[in-house]
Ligand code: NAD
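First comes one chain, alone, set out as structure tokens in the form predicted on its own.
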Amino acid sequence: MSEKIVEVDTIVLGGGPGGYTAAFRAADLGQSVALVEKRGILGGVCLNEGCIPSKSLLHLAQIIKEAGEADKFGIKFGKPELDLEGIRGHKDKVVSTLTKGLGALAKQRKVQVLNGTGTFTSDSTLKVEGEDSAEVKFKQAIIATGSSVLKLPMFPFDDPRVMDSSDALELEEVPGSMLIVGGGIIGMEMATVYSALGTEVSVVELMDQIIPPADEDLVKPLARMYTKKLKAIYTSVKVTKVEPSERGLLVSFEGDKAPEPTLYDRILVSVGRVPNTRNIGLENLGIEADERGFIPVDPKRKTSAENIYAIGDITGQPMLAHKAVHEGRVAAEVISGEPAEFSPLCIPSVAYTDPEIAWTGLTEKEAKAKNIAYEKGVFPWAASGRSLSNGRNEGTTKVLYDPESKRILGAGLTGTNAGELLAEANLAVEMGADLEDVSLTIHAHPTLSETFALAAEMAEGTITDLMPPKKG
């Protein structure tokens, strides 16, 4: 039987947020497009086993937390009963709804979706093996193969009690105890979920704070709350050995504040991701990945091969879905002859913990490391009527700005729904807004969003809700 031949203008390898965005945008701009996806469904890690299912579980964790704290407001609920099958069903329904929607959009745009793994055999051909085996002939290609969980050899992943982030989202059981290795965003989000469900959670982080990329002042409220919520948080500590037994997983540690060897029912390893650039035929394109496995690209997302583009996790940090989406649009537009390039002034980051942590643009860590002059305005949510009405006082909003021009360089927030509040700060940085642009914009009251304007007023010294800070 002869192999199926597919001829298109553009082939997209990988159907995650960046890949399907690139495919759909290219089709909208008149390209004939084929999209190769090994899963059989679109959405990639983000939709199927990352961003979306984790937020579904985080929402349920928040419901449990709020019900447990409602007695402070004069409302009493009984202890929640967990139906793990029902919880998984809710999560899976959300994922299914979104993936079906993407499949329908692909059909409407006449994007050919080929289910299988793809390998470039030349700069104009790609071999697909799997359900839809085919040889694809193309004029341009966009590589969007994403990333995979970094699995360190010291952890016995052949033992089902040792999990990665994808395994953790399957929620097979609620273990009595769990060690989360890696206190980054994913690790702390999973700590939020499992501790709410009743697991005794400990976190070990090699760096000196959890959520290492964020400024220390944004992380402190989270660290204080989770020190009470979790069994333990060990920073500047690393795991040195894991010994499986019938009783559990015996873990040994190293560091100044390292605990004695401890037995856990489960271990979740969340120490990073690596780009999926192996075994896709880069050598047949004349493309070399760097020492970390990333594909070098220019602002138009073009690789060293004239007709090959790359987007998303395989092009470097930060490995975020929203970054990949914008890169996908740029690549599709460039291929279609549109004037486009990827040159954002800021890429937002959010930890969907409780409280949430969100930041964008310049951080104080970055400013100090690069010797960039800045000043800041900080508004504590303990003075926010809306936050206090919600029973929360630990939040904060800060704005970083240029001392001379007063232009906003970055912002950070800690508190309820901090991620939802970050969009205004993103826009302010991208538009080159200064403090007055924000402080003179009337914000609704009482809202959490007004804390951004109040932080700008703190910076200006014009605030009336608090005593303005002394200048000089």
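Numbers follow the displayed sequence, beginning with 1. Note that the structure is predicted; figures quoted are calculated from it, not measured.
Note that the form predicted in complex with ligand NAD isn't included here; everything after this is about it.
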query: Ligand NAD contact at E189 in the predicted bound form, heavy atom, 4.5 Å; finding: yes
query: 4.5 angstroms heavy atom contact with ligand NAD in the predicted bound form for P212; finding: yes
query: 4.5 angstroms heavy atom contact with ligand NAD in the predicted bound form for R273; finding: yes
query: Contact label in the predicted bound form: P175 to ligand NAD, heavy atom within 4.5 Å; finding: no
query: Interface residue in the predicted bound form among I185, V330, L230, V193, criterion: non-hydrogen atom within 4.5 angstroms of ligand NAD; finding: I185
query: Single option in V350, A223, V94, L250 placed near ligand NAD in the predicted bound form, where near means a heavy atom within 4.5 Å; finding: V350
query: Interface segment, criterion being heavy atoms within 4.5 Å of ligand NAD in the predicted bound form, picked from 197-205, 67-75, 242-250, 371-379; finding: 197-205
query: Sequence-ordered residues of 24-59 touching ligand NAD in the predicted bound form, heavy atom within 4.5 Å; finding: K55
